[in-house]
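Here you'll find one protein chain in two forms, each presented separately as structure tokens under the names structure 1 and structure 2.
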Structure 1
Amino acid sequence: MLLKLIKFAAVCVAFIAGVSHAAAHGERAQEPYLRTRTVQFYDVHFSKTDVKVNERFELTGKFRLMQDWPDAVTPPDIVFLSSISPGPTIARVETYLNGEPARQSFAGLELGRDYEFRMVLEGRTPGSSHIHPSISIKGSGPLVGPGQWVNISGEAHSFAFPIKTMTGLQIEDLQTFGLAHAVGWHLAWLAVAAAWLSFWLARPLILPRWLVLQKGREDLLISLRDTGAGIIVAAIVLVMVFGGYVRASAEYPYNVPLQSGLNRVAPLPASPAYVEIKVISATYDVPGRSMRLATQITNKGSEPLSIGELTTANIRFLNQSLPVAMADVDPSYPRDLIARTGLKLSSDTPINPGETKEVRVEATDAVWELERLVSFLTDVDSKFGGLLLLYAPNGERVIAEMGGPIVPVFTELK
């Protein structure tokens, strides 16, 4: 027996010792249809990637709710904008969606439309933290944007979150505000519970009471003393509840309840439909780690347009021969989400106004494998989605949604 206990303890110690630090949030475990056809983040910018404890930085960007929303995912009827970090390493100070405060969830967001967000964050726990913007969909869960490593330096104990309430009360540190009250109330309730439990534990317990029940003398189970003790405890509980309420109301006469309503916000103004994209065929070459698209692109605008980028699942495939596309990459954008090999096109010549042109688009990179986006074969919905970014000579950018069924192949198609 002792030997078994030692073995069990050894297994537990080995398991605990073998647990490594989790540095990501499982975004790579999400299926490709979920990451390519729901929310496409773009123009994401981190104002700083090295901050100190108590130092603020901003996370800004835009996202599009894809028109071809997968049937297997709950529609974004109710969403909540937030950030994701590995534990409480940052504090979220302010959040805005299209310039409106985003303290609550939003309803009525439209598919096929764009939204702009801004978050003010503050370093809290020293270390290197992987920070994402996040859109949580009721019924589906969070969908994360590109994650960036943010280094937080300083001492954890120096963090403080001071605020000033609407009534003028200055709170020096919100994370410890009211802590003594909370501890005191917990101790008070624990004392009442312990007294009540001790009262019954001091009396005959299971076997004697079972014998009484067997003899049909339930009347002996509850004595007058028991009834009196019950009344006293009930009175104490009522006094504590109502007394606590009266005391809290007197100390804090003005308070705001938790906000549970929904906000509504209009999307960003719709861009003119300058471009129409038809995906003729789409394949994913599994051994070649390459997505190949045969597209038919129609320029309905008044300026010639050049293809500059394909972005999907936060991965950016850039046309490296187009300077304006390369210049559009924010220095703070995660480098691991930019495909090194870029975007290859069958034709680099611009698409003239009114022209319809067939273009083969090839996005080849190991990042498909690294980001675990290669499971199109086993996906319940073998379709893809993404945004194609085109540029006019004057630098104007046109964003067009594209997508459709995709077929995995194991040899290069000629």
Structure 2
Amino acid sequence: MLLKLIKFAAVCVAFIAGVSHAAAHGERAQEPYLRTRTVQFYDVHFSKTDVKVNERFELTGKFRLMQDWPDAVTPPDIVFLSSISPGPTIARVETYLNGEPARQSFAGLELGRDYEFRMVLEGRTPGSSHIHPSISIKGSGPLVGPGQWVNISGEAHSFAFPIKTMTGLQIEDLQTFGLAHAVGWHLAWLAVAAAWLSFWLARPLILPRWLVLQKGREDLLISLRDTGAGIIVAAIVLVMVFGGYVRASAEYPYNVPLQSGLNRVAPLPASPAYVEIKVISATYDVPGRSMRLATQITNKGSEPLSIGELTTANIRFLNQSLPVAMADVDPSYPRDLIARTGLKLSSDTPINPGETKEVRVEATDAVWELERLVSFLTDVDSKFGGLLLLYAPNGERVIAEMGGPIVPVFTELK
């Protein structure tokens, strides 16, 4: 019996220990239509993945708001640039959207346009933290970017966040400032309450009082002295309430209310619209874990373009035979989001200016399953979306949105 208990305890401990290390925080649980058809992150860069407590690092990148925004998701009318971490393991120092301060929400972002973000973050809690950029949309919730493990080293207690107020007060640590003051007040109120309660709890309580009341002897239970005590306590409370308020107002005359205004931000200049992608057919081969697209790509620009990458839901399928596309992979980009087999194309020759070319694109990888993206099979609209990145010989990059209905194939393709 004891052995069994020990075994059970060991299993529990192993389970908890295993979970605490392996678990990220549910980014894969988001529905595929949320991840493939709303916000597409690209050029995401972590300036450091190893930081010390109190050391700053930057998380930068861009995102495209997809034109084919799903009906089920509220459009990005009120948007907050945020980061996702397992609790406040990092501190947020500054955030910017297209260079504008992003400490508040933004109103009216435009579909089909790109935005650039920059977050200055600071290590706070030692350990390994999965950090994502995220775009929170009112009505839709957080739409997350690629998550990277950031190792934070040092001592938790050495973290401090100093700040200076506009009244000239230098605050040593935002984590503790004002706390003693608030707790002091709570203790003062608890002391008054304790005095009042013990005044009554010291007397015979439940049964005797109930019996006496039944006998109509209320006069024994509440005396004039009790009423007097009540008046005294009421006076003390009123003095504490209004005296405290007057004192606080005198001590902090320049206080401001909480701030929550909305800002506006212009999108990045529109990317050149000289690539048109028409999806003729799209299938997802369930046993083969492969997305196969038949596309018709028109190059309306003046440079020949080669397909370099298909990205959706932060997963990148790269054309491994195109060096410029491979060079575009930031070393800090999470490796688990780069499909190993890459992107297979029916033709590797560039699409010439003015040419319309049919290209079959194949993105095969277990990552579809691992990232739980195949549940688009159970979506009501069964559509997919993604960005196609094309490169010109002069290094110019064209980002084009593609998407449309997708048909699952449940049996092996011949």
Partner chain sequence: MNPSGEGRVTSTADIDAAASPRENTRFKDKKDETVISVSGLTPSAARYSRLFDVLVVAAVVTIFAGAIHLHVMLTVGDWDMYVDWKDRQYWPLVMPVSMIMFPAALQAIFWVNFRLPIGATVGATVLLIATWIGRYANWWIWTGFPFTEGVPSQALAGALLMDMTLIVLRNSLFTSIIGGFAFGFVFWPSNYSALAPFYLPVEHQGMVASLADMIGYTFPRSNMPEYLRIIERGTLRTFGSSVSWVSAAFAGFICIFMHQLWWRLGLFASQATFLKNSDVVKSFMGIKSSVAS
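The structure presented is a predicted model; accordingly, all values stated were derived computationally and were not measured. Here the rigid core means the biggest group of C-alpha atoms that line up within 1.5 Å when the two forms are laid on top of each other. When a residue number appears, read it as a position in the sequence of structure 1, where counting begins at 1.
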Displayed copy of the chain that is the form predicted on its own = 1
Per best superposition fit, same rigid part for Gly61 and Ser223 between structures 1 and 2?
-> no
Interdomain rotation angle between structures 1 and 2 - two rigid parts, degrees = 14
After aligning on the rigid core, report the distance the C-alpha of Asp219 travels between structures 1 and 2, in angstrom.
-> 13.9
Could you tell me how many Å the Cα atom of Leu190 shifts between structures 1 and 2 when the rigid core is held superposed?
-> 3.5
With the two forms matched on the core, what distance in Å separates the two CA positions of Gly228 between structures 1 and 2?
-> 7.3
